[in-house]
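Take a look at this single chain in structure tokens; it is the form predicted alone.
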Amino acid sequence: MPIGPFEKLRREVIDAGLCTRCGSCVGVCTAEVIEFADPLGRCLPILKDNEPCAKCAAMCVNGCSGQDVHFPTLAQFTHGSPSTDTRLGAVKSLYVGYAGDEEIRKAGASGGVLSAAAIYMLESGIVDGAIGLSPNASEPWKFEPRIARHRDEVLGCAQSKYSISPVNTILRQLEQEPKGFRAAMAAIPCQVHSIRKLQADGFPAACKITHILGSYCGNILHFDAVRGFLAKHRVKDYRQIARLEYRAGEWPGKMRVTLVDGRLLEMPKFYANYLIPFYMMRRCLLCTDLANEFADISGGDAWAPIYEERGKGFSLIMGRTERGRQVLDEMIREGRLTVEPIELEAAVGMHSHMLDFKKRGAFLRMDSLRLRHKPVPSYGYHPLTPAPFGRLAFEMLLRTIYAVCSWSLSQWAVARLPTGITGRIFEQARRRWKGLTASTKRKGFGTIQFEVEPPRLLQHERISPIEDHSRGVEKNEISERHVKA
């Protein structure tokens, strides 16, 4: 007896530990019977009230970013050709810069470039709305997707949010927008993977997203990270939060919680990074996309001494598609962006630590899981060059650290150490760790070779690249095309 689409999703993705919490399964469910259970806990999709899964086009399975994200196919669809650089993906223009509007720059996590792009496209009539995350009005510790239609609403969605937030649930609202509605969307890589899969499969709501603004992403955190942060300040009830910010103030920012009684709880960003090994969503360890390779414009912090020493936010900016490049060019001409071009290898060097974590470390972790007969995602490419012994040893040590940090006892203990002590210990350990392991992690990474599968085919033709639709073709015509499931 055939199983329903959600049951297949539950067996192969959710119960297998592969769910990315992107939110698409909720957003595409035409019967509206899927929801997220325990959003401040494990935050996993379930069938609402045990309602039966309706017969449908199984878009919750086809659009899932947890199990099968075929990079060569998405590259062909998004860029019109395979990516020439497996580390960063396709790049048409590459800069370091920041928003020309100082208010936008200050509001952003780094240089405010993605917020500036969303505002520019709204004000120029390129899009009708911009999707981002903003705090829930009555529960400000929750971040929810919204369609911003004005500058102030975009600024309300600015800054990084590191808690699990299933942005793609917004597809349900997009479905209600009129035909011809055009949206920009700010999203992290796993969310973008799903949107591109849905666009390639012709899902109408996803096809209303004409521009994707992608942030770099190393990992996201369970809400327990906030609980742990509050515990350090002897605050037991998260409902005392009036405002939650992860990159507040001057760059690189502080994790800051404003309580209803007016108190401010703060910790410098690099101190607050201690939360990562304790509360990171473990599925992030298997993600191979740091730089948001299938966005139209992607950006992240420009981590280099020449920019860090200035004490203001600078963004690494990539125009990845033709329409993304065009938006950047127009913004530069109008003075909305202040930029300087940089070379590709300089961009790789800014994030070499995390690129190795994603492009080599994730495959090593998947190899380990396969040996234990555990399910892993499929990406359509894998490294051919064996990792040196030092890198393998480092990965084993890292795996041990993450395992120990996931223990309840470890989380209990770290929550009771004074904030200053934890932050200083972690920051000093981070600096020493990076210095000692830099050569190990980077050895051979610049010359690593990947085996890349060919793009998957349509039933009768190759995938028509989405770039075609930036050259005058009506966006929703994409819904006439279908990718094999």
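Just so it is clear, the model here is predicted, and its values are computed rather than measured. Numbers follow the displayed sequence, beginning with 1.
Beyond what is shown, the protein has a form predicted in complex with a small molecule; the following relates to that form.
Student: Identify which of Leu275, Ala109, Ala347, Leu74 has a heavy atom within 4.5 Å of the small molecule in the model of the complex; exactly one of them does.
Tutor: Looking at the other structure, the residue within range turns out to be Ala109.
Student: I need to confirm a contact call. Of Val257, Met318, Ala206, Ala187, which residue comes within 4.5 Å of the small molecule in the model of the complex, counting heavy atoms only?
Tutor: In short, Ala187.
Student: Is it the case that Gly300, even though its partner is missing from this view, gets within 4.5 Å of the small molecule in the model of the complex, heavy atoms only?
Tutor: Within the cut-off, so yes.
Student: Heavy atoms within 4.5 Å of the small molecule in the model of the complex: does Gly380 have any?
Tutor: So Gly380 does not count as contacting the small molecule.
Student: State yes or no: in the model of the complex, is some non-hydrogen atom of Gly324 no more than 4.5 angstroms from a non-hydrogen atom of the small molecule?
Tutor: No, Gly324 is distant from the partner.
Student: Tell me, yes or no, whether Tyr216 is in contact with the small molecule in the model of the complex, where a contact means a heavy atom of each within 4.5 Å.
Tutor: Residue-level check for Tyr216: yes, a contact with the small molecule.
Student: Looking in the model of the complex, is the small molecule within 4.5 Å of a heavy atom from each of Cys157, Ile220 and Leu290?
Tutor: Contact check passed for all of Cys157, Ile220 and Leu290.
Student: Among 172 to 180, 349 to 357, 394 to 402, 228 to 236, which stretch has residues whose heavy atoms lie within 4.5 Å of the small molecule in the model of the complex?
Tutor: Going by heavy atoms within 4.5 Å, the stretch is 349 to 357.
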